[in-house]
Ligand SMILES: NC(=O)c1ccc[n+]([C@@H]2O[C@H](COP(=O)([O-])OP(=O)(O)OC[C@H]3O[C@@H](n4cnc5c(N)ncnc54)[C@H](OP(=O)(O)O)[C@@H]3O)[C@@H](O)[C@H]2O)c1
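Given as structure tokens, the chain that follows is alone and in the form predicted on its own.
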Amino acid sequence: MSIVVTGATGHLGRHVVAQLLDQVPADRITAVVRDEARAADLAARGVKLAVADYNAPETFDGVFAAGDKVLLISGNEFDKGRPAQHQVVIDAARAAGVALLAYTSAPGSLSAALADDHRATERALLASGLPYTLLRNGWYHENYTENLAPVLEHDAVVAAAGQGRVSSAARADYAAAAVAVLTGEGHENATYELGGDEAWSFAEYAAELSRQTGREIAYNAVSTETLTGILTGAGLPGPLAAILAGVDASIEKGELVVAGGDLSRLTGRPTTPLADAITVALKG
């Protein structure tokens, strides 16, 4: 029996594999990757590799075995029909008779277009009859802290979120929740709403950036239309810019405040504060 992680060389996948290696023997972990060369470091640590692509269903033949626990990390190709890509994994997992398929979804409260692919995948997973776990991941700190260059260039945080708040957490926190499910028991057919312990506003984010940099960084609240224009001007494709601006609109409505504490309960520790993520990013 293996623990199988798709998208294993992505940002979240790498965190998951690294944390799994702290808990289970490397030869019990299978990393599903598109580019074997990018996973050379994992192979060097004894992790088994499987080369497969969501866009090529035949490449998943034989990737899973009966009894495996699988983590399906959602794809990031917004323009290639993610539900169909995810269906490839679900079908292969069902054919193999895996013991559990966990999926990284989006908060149940999120109505933005970003959630549409996740809801479609959830429906497909439930229809498959497989034992499942829905890991409804909230927003990541890194969505902001990895893109500080324009903020520091203009001394401004620009968002279309009004005074809305975000229960974000670090990728490592969400990875720890996935690892808890993959290595634990009793998570079959469970849904977890995952988010940081402390919700924050963009004004508070700007204030924390100001405190840590010693500069006056303002929060500029704009409309979703203005933000879409800014993002497309920065080179993002129009559809993706609209999706991201739509998330901000959902934040303003309170849809990314995730209460309940599922994330800290699964991991057994408090979630990473946003201030800590800012500190790491500024040092980088």
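Throughout, we count residues from 1 along the sequence that is shown. Predicted, not measured: the structure shown is a model, and the values here were computed from it.
Although it is not shown, the form predicted together with the named molecule is what the next lines describe.
### Message
Give me the residue from Thr9, Ser264, Gln19, Thr272 that has a heavy atom within 4.5 Å of the named molecule in the predicted complex.
### Response
If I apply the 4.5 Å criterion carefully, the residue I get is Thr9.
### Query
Which of these residues, Thr191, Asn143, Gln87, Gln212, gets a heavy atom within 4.5 Å of the named molecule in the predicted complex?
When the named molecule is considered in the predicted complex, the option within 4.5 Å is Asn143.
### Query
Do all of Val98, Pro131 and Glu185 end up near the named molecule in the predicted complex, with near meaning a heavy atom within 4.5 Å?
No residue of the spot touches the named molecule in the predicted complex.
### Query
Looking at the partner-bound form in the predicted complex, is Tyr205 within 4.5 Å of the named molecule by any heavy atom?
Close contact is absent here: in the predicted complex, Tyr205 is far from the named molecule, nothing within 4.5 Å, heavy atoms only.
### Query
Quick one: does Gly164 come within 4.5 Å of the named molecule in the predicted complex, counting heavy atoms only?
Contact with the named molecule, no.
### Message
If we define contact as a non-hydrogen atom of the residue within 4.5 angstroms of the partner, is Gly138 a contact of the named molecule in the predicted complex?
### Response
So Gly138 counts as contacting the named molecule.
### Message
Residue-level question: is Asn55 within 4.5 Å of the named molecule in the predicted complex, judged on heavy atoms?
### Response
Heavy-atom contact with the named molecule at 4.5 Å: present for Asn55.
### Message
Looking at heavy atoms inside 4.5 Å, which stretch does the named molecule contact in the predicted complex, given the options 122-130, 152-160, 176-184, 69-77?
### Response
Selected range: 69-77.
### Query
Taking the named molecule in the predicted complex, which residues along 202-239 bring a heavy atom to within 4.5 Å of it?
Not one residue comes within 4.5 Å of the partner.
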